[in-house]
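Read on for two forms of one protein chain; each stands alone as structure tokens, with the labels structure 1 and structure 2.
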Structure 1
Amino acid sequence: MNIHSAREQNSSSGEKDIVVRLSDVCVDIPLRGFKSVNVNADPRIRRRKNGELVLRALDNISLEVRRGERIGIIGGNGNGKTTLLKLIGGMLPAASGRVEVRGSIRALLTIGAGTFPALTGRQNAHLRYSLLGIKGMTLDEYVDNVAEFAALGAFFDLPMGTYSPGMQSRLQFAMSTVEPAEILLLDEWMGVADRNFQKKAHERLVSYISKNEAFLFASHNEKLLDQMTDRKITLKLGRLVEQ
């Protein structure tokens, strides 16, 4: 099947409400350097015709996300939650199937994603402003917002490589939750932040989510999912087993 990404309007009123559509999508992760792996050890490990081993991280996933939906993604470690978010966010290609994403995306998936350890927090904020195409505020307003919320003090002007994981998460979260997008993707990486910042981030996140048109959240915390989402999907071994 052809792989297709679409960011377009559709004349049908029902179609216009769909911001993400996945149709029979598979994602394969190459297992380079594992020639002797037993393909029977895990049903997701497959050998291609050329002998290459791959892990089928997502297997024939079909999913529609409509404008206004808040979706929680459930599943144990290694079952495909983060892979699904990365697929929707354009960070992983599909091996087969059809991927349609209509709208701008904000992704909070990995602490260090899109940041450079050699640059200071302020320099990273300048770069992120350009990468996100922020339009609702000036560069100075954006940087001031990030600096105030991240509360890194003098570290804001030191290289990010000197930051602890918690400080990195503060900066990453602050940079990514200033101006809303149409689709927000969130993975549960905020656990590395200290407790006080988690409370502060939760309050900001609740407000931020309400400004995004669609929200997908992968988490093990069912209480948090109950609070922040209105529909749940479950992944098991890369397959969608429950909606």
Structure 2
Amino acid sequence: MNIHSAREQNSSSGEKDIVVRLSDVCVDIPLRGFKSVNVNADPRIRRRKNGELVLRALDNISLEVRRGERIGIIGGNGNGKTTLLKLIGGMLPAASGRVEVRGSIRALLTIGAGTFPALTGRQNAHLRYSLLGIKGMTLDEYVDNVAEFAALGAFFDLPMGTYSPGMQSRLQFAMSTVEPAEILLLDEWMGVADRNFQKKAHERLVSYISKNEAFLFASHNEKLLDQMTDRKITLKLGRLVEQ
């Protein structure tokens, strides 16, 4: 399906179903501190009128995401998959074009963010509750859910600095996937702990996705994308090449 036909189909399906709409969006990343980069080496590196070098990470992206859609984002390294998710997730501004987002977003892009090694797992869960601005459940319900899923036993009340990397992943994954949101953004499959926990995490994620209105998932793993999404888009050098 090409971009135009997707637009035509979408426009006929009603405005209310759209949860994310990107209209001719460009994202430029300033390349601070670089003066002598060969601008011809990569078509995405451009020099602005003021001499500043920028990397056009996303170039004229137009995309509509409807309720219930599960979209897989394909593309090689450095082609803009994470940038697209960050743009929708409110972590990057658009240099031009229009970004419209309707509904709450849960972005599982940098799962390790917002944790403090000196705090216990329980205290980190308390903080994450506020950082995520969760309103659908009480703090106690949230913490209990995290404790149950992470299954860290007595370690839940020990400082996170004492955790093995696998235990940290368990806690971080559990904290990020308690409350569903209307739009879920996921970047790659997270390598979480042992095989048993990976299976548990996968099941939780599938259940989590089923509760979300829309899902965008960037991955190199096409098999996983086939399982978890129903539509794919491909990014190449920051451009949407197919839908």
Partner chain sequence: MNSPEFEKNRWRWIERSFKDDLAALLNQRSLAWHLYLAQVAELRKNSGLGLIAPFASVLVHVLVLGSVMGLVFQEPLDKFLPYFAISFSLWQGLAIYVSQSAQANEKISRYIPFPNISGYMVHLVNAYEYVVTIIMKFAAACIIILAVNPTVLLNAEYMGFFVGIVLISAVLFCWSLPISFFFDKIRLLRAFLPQFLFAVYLLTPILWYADRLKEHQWVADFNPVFHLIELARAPIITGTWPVASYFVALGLIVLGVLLSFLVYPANRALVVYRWVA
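FYI, numbering is relative to structure 1, first residue = 1. Throughout, rigid core stands for the largest set of C-alpha atoms superposing within 1.5 Å between the two forms. Computed from a predicted model, the values in this text were never measured in an experiment.
Asks: If only one of the two is the form predicted together with its partner chain, which is it?
Replies: If we ask which form is the one predicted together with its partner chain, the answer is structure 2.
Asks: Cα of I73 displaced 2 Å or more between the two structures, core superposed?
Replies: Superposed on the core, I73 moves its C-alpha less than 2 Å between the two structures.
Asks: Is it true that Y129 shifts between the two structures by 2 Å or more at the Cα, once the core is aligned?
Replies: False for Y129: its C-alpha shift is below 2 Å.
Asks: By how many angstrom is the CA atom of S164 displaced between the two structures after fitting on the core?
Replies: In the core superposition between the two structures, the C-alpha of S164 moves 5.2 Å.
Asks: Superposing on the core, what C-alpha displacement does T120 show between the two structures, in angstrom?
Replies: Its C-alpha shift, to one decimal, is 3.7 Å.
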